[in-house]
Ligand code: PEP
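Just one chain is shown here, as structure tokens, and it is the form predicted alone.
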């Protein structure tokens, strides 16, 4: 249920309703909007609860949430959510650009990439320190040493750090260094991991699984929101289909669809979504044209020498050209890139 407070409701009245909701055995999520404050009351439904809550001081109305995902739904929050994590701002008319290598390999590699993407206009640096790979013999990442190198790059460039966390036990360590915790496609339905990042104060980039439906993605986000972390970004990175001309099929219709269903910002990953460098610039621009709140791109100073995903990584000059193209699209839409 949603408890919609009156425009003039005081902080004391909001706090009173939170206590009242919790007394009824429900979890209260306070969402402050531009017009008014609403409180999402999540939990088991009981027939008498609506009437009990509606009588509270400062309450305008109590309405049911019809969507299976509650806090993520536009029924709870009409206006789009904007997320700020260090230098990265995503949503509500501002387009964030996250760029960097698939894996952190060396100090020289990550620092040179950070300098280049910052100069071209990126607002955050991506890089994997823990790499979940299909083969156990593939490069698995530098782990904490990689996190330290990312922190070094942030200190020099000021770019926020986006990096993946792959295990519940690693969440405190990665959160110590990262500004944004990425949940990879393989872990989209790792519910214990979602709960763990939901307990942190770090923003979360949640990638869609290759076979996940929109509802499953939104319910995965709900796990994070339900733990009290409101800073969730959804990421479309492509799904598996019968097509083989790209690594995955990148369905950009998911961007406006998600905007219709949720207030959470939507980021697109054209690198994983296509798997081919030559397709990335056009699909990055198309993502912004479709309404994406952000893009995440793989960039490497020497893709042919990359330890992972070199075949879909842009060179630094290619990234600069891609930014010029994306910037023109953003300006045409009246958005800030």
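Positions refer to the first chain, counted from 1. Not measured: the values here are computed from a predicted model.
Unshown form predicted together with ligand PEP; subsequent notes refer to it.
- Proximity to ligand PEP in the model of the complex holds for none of 77, 222 and 259, with the criterion being a heavy atom within 4.5 Å.
- Using a 4.5 angstroms threshold between heavy atoms, residue 293 stays clear of ligand PEP in the model of the complex.
- Contact check for residue 300: no non-hydrogen atom falls within 4.5 Å of ligand PEP in the model of the complex.
- Although the partner is absent here, residue 102 lies within 4.5 Å of ligand PEP in the model of the complex, judged by heavy atoms.
- Proximity of residue 184 to ligand PEP in the model of the complex falls within the 4.5 Å heavy atom cutoff.
- Between 125-133, 106-114, 189-197, 68-76, the stretch whose residues reach within 4.5 angstroms of ligand PEP in the model of the complex through a non-hydrogen atom is 125-133.
- Within 4.5 angstroms of ligand PEP in the model of the complex, the stretch 50-70 places no non-hydrogen atom at all.
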